[in-house]
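The data below hold one chain only, encoded as C-alpha cells and taken in the form predicted on its own.
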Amino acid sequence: MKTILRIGAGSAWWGDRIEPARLNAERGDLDYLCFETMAEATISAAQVRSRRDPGFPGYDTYLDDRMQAVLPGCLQRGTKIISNQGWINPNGAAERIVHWLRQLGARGVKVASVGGSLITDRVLSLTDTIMENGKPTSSLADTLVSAEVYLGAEPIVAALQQGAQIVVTGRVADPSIFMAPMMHEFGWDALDHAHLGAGSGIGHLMECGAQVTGGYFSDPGFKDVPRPWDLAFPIAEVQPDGSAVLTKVSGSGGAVNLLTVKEQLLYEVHDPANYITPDVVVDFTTTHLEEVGPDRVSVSHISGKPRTPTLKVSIGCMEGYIGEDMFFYAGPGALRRAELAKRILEERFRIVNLQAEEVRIDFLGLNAIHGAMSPKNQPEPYEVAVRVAARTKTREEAIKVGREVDGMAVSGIAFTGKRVPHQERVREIIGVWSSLVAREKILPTICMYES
C-alpha cells in the first residue's frame, strides 16, 4: 500500500485550458492524472451533434489535444490517467487514446473504457418521477434526447484492478473520478463509507480544477491571487486514512490557501451534511482545514454516510429554440437610442406575429444581468449593446429575431452599429431533468484495449 498518493487534476470542464494539465503531467510527480470534462448537458449536446454530424466521434472534442499534451509526461513518469472524456462513445475514445500511444511508440499500454451510463432506450421504464416538478418521467417521451446515469468509482476501480493504465468513461460523478485511485491503491471497500466519505470529499475539492488554486476566486483588492494568468491545476497528496494536503506545482501561478479551499468545499453543495454521490453521502460539517505551508492546505476529518439505494439520472430533452442577436450604440444619447430601438423591435415582433414563450431585450452593462432589480439612477452610459433573444417552439419562429435585428441596419434609428450576421443566430435548447433509478438496475461495462 502506498503511504502517500499524488493525484493531479487535468481539467474541470470540456473547454478548460490544456497547459496546466501538461504542467501537472511533466512536473507534478503524479501517480494519477484525472480529467473531468462533462457538464449536465454535455451528453445531450453530444447526442444532438451526433444526429446532425455523422462524422462526430462522440467523445470529447479536445481529447486529441489533451492526450498529445500529457501522454509524454505521464508515460515517462508512469502516471496513470482517468478521464470521463468518453462522453457518448467511451470505446471510441479508448481506441483513439491507443492511437496516440502507438504514435509515441508506447506499446503494451492497457486502456480501459467504462460504459453502461447511457440508458436512453430504457430510461422511461426504469424511472418514475421527475425530481424537479414531480411529474412522471413518461411525460418526457416526445422530447427525449438522452439519459445517463451517474456511475460511481467502482467500475473504474475494477478496470484498474484488471491492469488498465488509462481509464476513459462516459458519465461518472465528478468526485468519483478522483476517488477511484484512492480505493484502488488503499484497498478501500465500496461500502466503507468512512473512508469513501473522506475520499469523495477530496474528489469534490479537486473536480473543479483551478477553482481551488485561485480560479474563479480573484476579486481585486479583496481576494488577490498571484499571476492569475498562469494558474496551475491542484494536486492532492492523499494518505490511506483519506486525509490529504492540497497543493500545486511549485513556482506556478495562483494560490492554495484556506480561502480558496473553503470556497470550493462549499461550491455546488446544497446540504454540507448530506452531499450525495453515487459512492457515498459526504458530510463536510466535520472537516478540518489547516495551512501547513506556502500553497499547502491540510484537509482531514471529512465524514461519510452509507450510500443511497438509487443513482441519479440526468435526462436531456429538446425544449425548443433560442433566436439571439445584438447591435450597438455609442456616444452621447446612446441609451436614448437603445430605448427607442427596443420599442421598435417590440412593435416589429407584433407585426411579424412572433410566437415566443419569452422575449428579452437587454442593455448589456446596464440591466442584462439583474434585470428589473437593476438600479434606476445609473449614470448615462457612453455605449450600449442591445441583446435581443426569444425562446420559441420552432426554428422558424426563432429565425425571426435575427431577421428583425437585420432590419435595424437601415430601417432602425441613427447610429445603429450592426454585426454582419455570419454566425449562427438560432440554437436548440436542451432542457435537463433529473430522476432516480434503482442501483441494481445499472450494470457498468468494461472493455480493454492495448497499444
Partner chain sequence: MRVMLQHLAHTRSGDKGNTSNISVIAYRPEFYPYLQQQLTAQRFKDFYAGVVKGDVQRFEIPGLGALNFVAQGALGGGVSRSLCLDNYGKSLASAILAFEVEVPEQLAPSLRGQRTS
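Since we're looking at a predicted model, the values are computed, not measured. Residue numbers count along the first chain shown, from 1.
Absent from the display: the form predicted in complex with its partner chain. The rest refers to it.
Under a 4.5 angstroms non-hydrogen atom cutoff, its partner chain in the predicted bound form lacks residue 242 among its neighbouring residues. In the predicted bound form, its partner chain sits beyond 4.5 Å of every heavy atom of residue 75. At the 4.5 Å threshold, heavy atoms of residue 403 stay clear of its partner chain in the predicted bound form, well away from it. Not displayed here, its partner chain is kept clear of residue 186 by more than 4.5 Å at the level of heavy atoms in the predicted bound form.
Stretch-level contact check against its partner chain in the predicted bound form with heavy atoms at 4.5 Å: of 233-241, 108-116, 207-215, 79-87, the positive one is 207-215. This chain appears without its partner; in the predicted bound form, the one residue of 352, 292, 369, 191 with a heavy atom within 4.5 Å of its partner chain is 369. Note on the partner interface in the predicted bound form: the residue among 247, 314, 264, 127 having a heavy atom within 4.5 angstroms of its partner chain is 264. Residues of 346-382 lying near its partner chain in the predicted bound form, listed in sequence order, are 358, 359, 360, 364, 368, 369, 370, 372, 373, the criterion being any heavy atom within 4.5 Å.
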